[in-house]
Each structure stands twice: as C-alpha cells, then as structure tokens.
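Okay, here we've got a single chain as structure tokens, the form predicted alone, with questions on binding and movement later.
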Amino acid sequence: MKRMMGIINLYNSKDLLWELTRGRPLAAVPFAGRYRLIDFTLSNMINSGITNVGILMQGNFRSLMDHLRSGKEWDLARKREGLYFLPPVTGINVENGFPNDLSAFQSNLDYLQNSRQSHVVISGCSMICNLDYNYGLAFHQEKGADITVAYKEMGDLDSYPYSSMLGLDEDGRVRDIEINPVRARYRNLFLEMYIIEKKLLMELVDSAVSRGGTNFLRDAVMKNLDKLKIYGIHYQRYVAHLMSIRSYYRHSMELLRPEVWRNLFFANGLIYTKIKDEAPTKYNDSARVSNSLIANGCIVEGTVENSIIFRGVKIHKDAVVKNSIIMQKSEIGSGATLENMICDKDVRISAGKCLIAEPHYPMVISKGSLL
C-alpha cells in the first residue's frame, strides 16, 4: 500500500491572475500551450506513486471539472481510490484576505479518515515545478518531522513581492514564516507544499477550527511553530511562482528556453494533461515561425516570433505575433500585429488591428473578446 495520499488546495489567499481567473479557478488557467496549472500538481503526485487525490474545490469550478473529468489521463480513474472532488463549504471563502480553507478541511475529515494512507501531501497550484514527493517523505522520516514544507532559495527578492517566506535555522528547522510581506526578510520561498502525517493533520484542523481558526497556514501551522518540529526541504530545480499577470507572462516566456522546458517537463517524470485528438498544426507557404511553442490543431499563415500558441489558433496571412501568448481557438486577422499581448480563449482580432504593449506590462484581452 502506498504511504501518501494527496490533497490539492484550491483556496487562494488573494485574487491571483485576476484578469485570467474571472470565470475560472486558478488551477484551470491555461499554461505552456496545452496544459492547465493543475496538471503540474497532479502529475507530480502521480509520478510519486500517489493514487488517492482529493481536490478542495472553490468558486466557479465547472471548467476545472470539464478538464479533469474522471482523471483518466493521470491514471486516476480507478475502482478503488483515484480522484475525488471535495465540494466547497457554504459561507465565506475568504476572510480578511486569508482563505477559509480550514472549513474545507474540516468538512472533509471523513474522506481523510477513510483513506488507507498514513501521510498526506498538501499542495496548491500557483507554484509550477516538477518534483518527487518520495524524496520529501524520506527527508520527513529521517528528520522525525511533524511537518515538512518545501522551499526554494531565491536570489532576487524584488521579483517575488507578496510571497510567503520561511526563516530556517542551521538544521533546516522552520523558525519563522512570513505571509505575503511587502518586503521579505528571508530568501526561502515557501512552495505551498506540505508533508504531514494524516492523524496529525486531522488533529491540527480540529484544534484550529475549535478555536476560531479559518486559515490552515496561519492558524494550524504558524501558531504551532514552537510546538511542532517543522522542517524545510530545499528544492533546487526550476520553479515558476504565478502570483500576477507579469509573473505569468515572464515564466511563460522562459519556457522558450530549452533548458527551462526540459527541467519543467522531464526532470522527475512527464507532465500529463487532457487529451484532445486534433490534427497537427498546418503551416502555409507564407508562414514564418521562430523560437515559439505551437500546439496542435492550429493554422499558421503569418509570422510568429518568440510566442506561445495554444490549440486551435488561426493566424491569417500577413499577421504578425511577437512575444505574445495566444490561447485556445483564438483568431488573428490578416495584417494584424500583436506584441507583448496575452489573448485569452476565443479572442478575435480584426484584420489590420495593431496592439502593442510594454514588454514588462503585457496587456490581457479577455476571453471571447472581439477587437
């Protein structure tokens, strides 16, 4: 029997990527041409041998359920265990900027109780990486830790404002946690990933809720820093922390570097997503493409440079797309020019339209827009 089960926590502390999450949860935001953010978290769990995964749902999750379906693509369509959708509790989901995820944990304690595994891996979807939780469990047991959290040491703190940071001692024990500081005092970026014994998790949730707690990190973890042995495990590979449109755009453009692409998609296993049987992309004689990721089902007649093009996109003749992200089933009209843009799904850009944004401040065109 596998020792770990997974909980994917979709409760966010603030409106991350608001321009892209108005009608979908953060976990369902498209990324890297054909994936959704939740694909990375699910694939990490499956590649680590976790076959019992529960998702704490929040907000408008219809698109997420449509993407995940039975979990077949992640080998989670099983007769025993597999993928579980844990619906949101009624009432307020956010209080004073902190997600009320403790209520979601509490309302699903029976799911935890009935699971056969001894340990729980808890993860969000705003941190994109490729890791093996088995290594984390081995570290957890070697240290005799009550809770193990993952972190990455960052060099440029200015690129990660309002991110949770960890203060560690020489032995790697967590002594302090900063939640979304304006100016961080530590360089250890908290990856929002925990490994904890199931019995302890249930006790912490029950204790925190009975004392008026609402947020798991603040009320169940931080308030027990001195009582519990909480250790940090350093993840040294590539991490994309998506907390704003600027960071989403920057990390997306980094995927055009082969070393980043290989690290994210092949380091500890493959990343899986929903399968769509579409024809390969068609490139007409007039197409000019360089340093771009283009998914299947597209028709390219114009010029594409340093861009990420999702499935089913049409780029007409004489159109120019540079340094941009064009999502599913969008259409760029003849002679149009896009530069430093993010087009959500089903966007239509009229012939001859010229849209150019600043490189460090990309413009987002909402889903279904006609310009």
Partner chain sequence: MSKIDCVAMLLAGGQGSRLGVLTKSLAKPAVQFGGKYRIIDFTLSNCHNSEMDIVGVLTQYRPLELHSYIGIGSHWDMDRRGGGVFVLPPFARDQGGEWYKGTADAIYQNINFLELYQPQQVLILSGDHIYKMDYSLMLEYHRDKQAAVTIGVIEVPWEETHRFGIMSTNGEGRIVEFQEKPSKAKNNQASMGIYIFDYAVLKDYLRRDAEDTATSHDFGKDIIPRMVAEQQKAYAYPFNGYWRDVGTVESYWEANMDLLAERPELDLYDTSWRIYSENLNLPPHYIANGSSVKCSIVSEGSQLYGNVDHTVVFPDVYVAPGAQVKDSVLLPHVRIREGVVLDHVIVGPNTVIEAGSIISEQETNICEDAALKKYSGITLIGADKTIAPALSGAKK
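Residue numbers count along the first chain shown, from 1. Keep in mind that what you see is a predicted model, and the values were worked out from it rather than measured.
Keep in mind the form predicted together with the partner chain is missing from the figure; the text below concerns it.
Proximity to the partner chain in the predicted bound form holds for none of M4, H241 and S252, with the criterion being a heavy atom within 4.5 Å. Partner proximity in the predicted bound form, defined as non-hydrogen atoms within 4.5 angstroms of the partner chain, places exactly one of 255-263, 169-177, 105-113, 137-145 at the interface: 255-263.
Mapping the unseen interface onto this chain, K317 counts among the residues with a heavy atom inside 4.5 Å of the partner chain in the predicted bound form.
Taking non-hydrogen atoms only, M193 never approaches the partner chain to within 4.5 angstroms in the predicted bound form.
The partner chain is not shown here, but in the predicted bound form it comes within 4.5 Å of a heavy atom of C298. In the predicted bound form, T214 stays away from the partner chain, with no heavy atom inside 4.5 Å.
Of the candidates S126, S163, T273, N100, T273 is the one whose heavy atoms come within 4.5 Å of the partner chain in the predicted bound form; the others do not. Proximity to the partner chain in the predicted bound form, defined as a heavy atom within 4.5 Å, holds among R246, R237, H234, K72 only for K72.
Contact annotation for 287-311: residues with any non-hydrogen atom within 4.5 angstroms of the partner chain in the predicted bound form are A287, R288, V289, S290, N291, S292, L293, I294, A295, N296, G297, C298, I299, E301, listed in sequence order.
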